[in-house]
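Given next, in structure tokens, is a single chain: the form predicted alone.
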Amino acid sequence: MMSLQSYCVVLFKSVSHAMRAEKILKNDKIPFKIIPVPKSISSECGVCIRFTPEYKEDIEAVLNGTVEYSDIRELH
């Protein structure tokens, strides 16, 4: 039986905020992926950043005060 891995997403109000976050996370060498916002989530922006839960604190620390984001959610 396959186990489903949980992951987190950062939701943004605009694509420009997502692109700014992408640049910052790349510079800090934090692994992530830009993906379309899952259909189960409503968002004003069509893209979000997906990452594994182990990086949540790092991502919050890097983005807080530098990029405006709506929410960080854990998905299963």
Partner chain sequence: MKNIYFDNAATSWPKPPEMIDAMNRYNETIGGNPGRSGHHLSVEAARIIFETRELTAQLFNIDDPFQLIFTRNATEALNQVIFGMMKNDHHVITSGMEHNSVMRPLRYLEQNGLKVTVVPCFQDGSIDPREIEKSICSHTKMIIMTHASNVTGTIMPVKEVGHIAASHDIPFCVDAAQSAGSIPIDVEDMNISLLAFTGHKSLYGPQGTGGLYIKKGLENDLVPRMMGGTGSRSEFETQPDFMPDRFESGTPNAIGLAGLGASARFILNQGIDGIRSTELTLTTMFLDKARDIPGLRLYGPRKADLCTPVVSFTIDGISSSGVSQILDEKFSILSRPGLHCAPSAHRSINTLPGGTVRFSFGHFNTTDEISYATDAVTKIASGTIKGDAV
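Computed from a prediction, not measured in an experiment: that's the story for all the values here. Residue numbers count along the first chain shown, from 1.
Omitted here: the form predicted in complex with its partner chain. The next part is about that form.
Peer 1: Although the partner isn't part of this model, could you tell me whether Cys45 comes within 4.5 Å of its partner chain in the model of the complex, counting any heavy atom of the residue?
Peer 2: Taking the distances in the model of the complex, the answer for Cys45 is yes, it comes within 4.5 Å of its partner chain.
Peer 1: Evaluate Lys56 for contact with its partner chain in the model of the complex, applying a 4.5 angstroms cut-off between non-hydrogen atoms, and reply yes or no.
Peer 2: Lys56: no contact with its partner chain in the model of the complex.
Peer 1: Can you work out whether Ser16 and its partner chain are in contact in the model of the complex, taking contact to mean some heavy atom pair no more than 4.5 Å apart?
Peer 2: So Ser16 counts as contacting its partner chain.
Peer 1: Taking the shortest heavy atom distance, is Ile34 within 4.5 Å of its partner chain in the model of the complex?
Peer 2: So Ile34 counts as contacting its partner chain.
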